[in-house]
Every structure is written in C-alpha cells, then in structure tokens.
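Just the one chain here, laid out as structure tokens, in the form predicted on its own.
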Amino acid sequence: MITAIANQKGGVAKTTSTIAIAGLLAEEGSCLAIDLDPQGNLTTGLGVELADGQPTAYEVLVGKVPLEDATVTTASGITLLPGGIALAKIEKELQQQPNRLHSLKKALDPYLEQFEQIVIDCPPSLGLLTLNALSAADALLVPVQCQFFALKGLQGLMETIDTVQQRLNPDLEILGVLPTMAEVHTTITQDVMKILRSQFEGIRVFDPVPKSVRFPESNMVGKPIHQFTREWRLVQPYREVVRQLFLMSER
C-alpha cells in the first residue's frame, strides 16, 4: 500500500503527518517513508543527519543507485529514503526522459514485497516530484490547515488529482482530507470543517488534528507523536487515518 501525503500549499503539516502516520504503521509491520521534499524536513524530523555522500531520493529517482542502497533505518523503526537539496534540480534532469512521471514507481517496483506500507512526503508544489508520488500511489491523503486562506488552491489540487487518475494512475484513490493545526473549539475551525465537508462531498474529511507545541517538540527529538506523548487527542486522528488505510488495503 503506497500513500502519498500531498498539498501544494506549504505549512499544512504534511511532514508532521507523514511522521505520525509512518510511526504508527511501523508498529504494525514494515514501513518505508520517502522524503521527496528538497528541504528534507522528513529526514531531519525522523532524527537522521545525512553523512557526506549519503545517497538520497534524488539518486534513486535518476537511477544512480537502487533503493536499498539509499535507505536508512530510523530509531523509531521506520525505514527512510531520505531527501535533500539535490531534489531541487531533478525537474531539469528528468525533463527529457520519456517516463519521467513514473521514475519513482519504477524505482519502487522491485521492492514492493519488502514493505507492507509506503508513505510519501511530497513537496509543497504540484511539480514533477509530486506527480511522481501520485503516479506511484494507491492512496492520497490531503492535509489542510484549519484556516480560510489554506482552503485556497484545494480546487486546483483536486483538478490535478483528476488528471492523474485519468492519464497516469487510474487506481489512485483519495483516502481523505485531514484538517490540521486546529484550535478545535473555535468558530473558525468549526466553519472550516463545514466548508470542507460541503466542498468535498463524497470524500472523507477526518476529525481535525489539534494545534499543539508537542508536534514541533517531537520533530526536534526525531520521534513520531505517539512515541513522544500520550495525549490521546493528538494521536487519535492519526490512528483513524491508519485504520482507514488498513481497511482500504484489505479491499
């Protein structure tokens, strides 16, 4: 089961959500987390510091090294394909390749039996890296910050998803929309939830993830949120995402 976590808007907790979900999945079986963001926040958020010459997702995507030579095992039990600044130049390097939108899928195919779950942290854009993730994925999770301005651009993302489903990956399913950084009892969060449910009728809108300093704190020490705190309200929305992932994979 390959899940892409994507939204072209930055600052919506894509990486935090990827860490939380991958950490929970790793407790149930083998899980590979892929950092496709040139900023490499997933890599540092899982406590990994890249050594000089350490291959990353960039080398895997351009075919310089196989996946197994680039992955590292994190302290939380997640296998990580790290990301880094080299990914910023990948669009130019892959542009002339006929199968440039399937580079990630091609790299993953020989290793699918090694991992029960694969989770991809996408960059904040709808460029080549995100399209590679959507082309390879079975499911898509869309984190959305609980603010009105964060809702802008979602229609563009949905149009991109529709194009991907029609032209590149007809098996891609939308797992749902995950509201994040919610001040749960405020009027604005309640209004955003109403808008999401009305705009995306037929698409699951998960219960919101509350805003909390515990998330950046857990990222700083390289731990998924459930390993850092026992606060039920912070972990439960992610447990529900994982539950839905398992239900989807069983179909």
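Position 1 is the first residue in the sequence shown; the rest follow in order. Just so you know, these numbers come straight off a predicted model, no measurement behind them.
Note that the form predicted together with a small molecule isn't included here; everything after this is about it.
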V12, M181 and F215 all contacting the small molecule in the predicted bound form, non-hydrogen atom within 4.5 Å | yes
Quick one: from P210, P38, G47, P55, grab the residue that has a heavy atom within 4.5 Å of the small molecule in the predicted bound form.
-> P210
Even though the small molecule is not shown here, does T43 get within 4.5 Å of it in the predicted bound form, heavy atoms only?
-> no
Could you tell me which stretch in 202-210, 28-36, 63-71, 185-193 has residues with non-hydrogen atoms within 4.5 Å of the small molecule in the predicted bound form?
-> 202-210
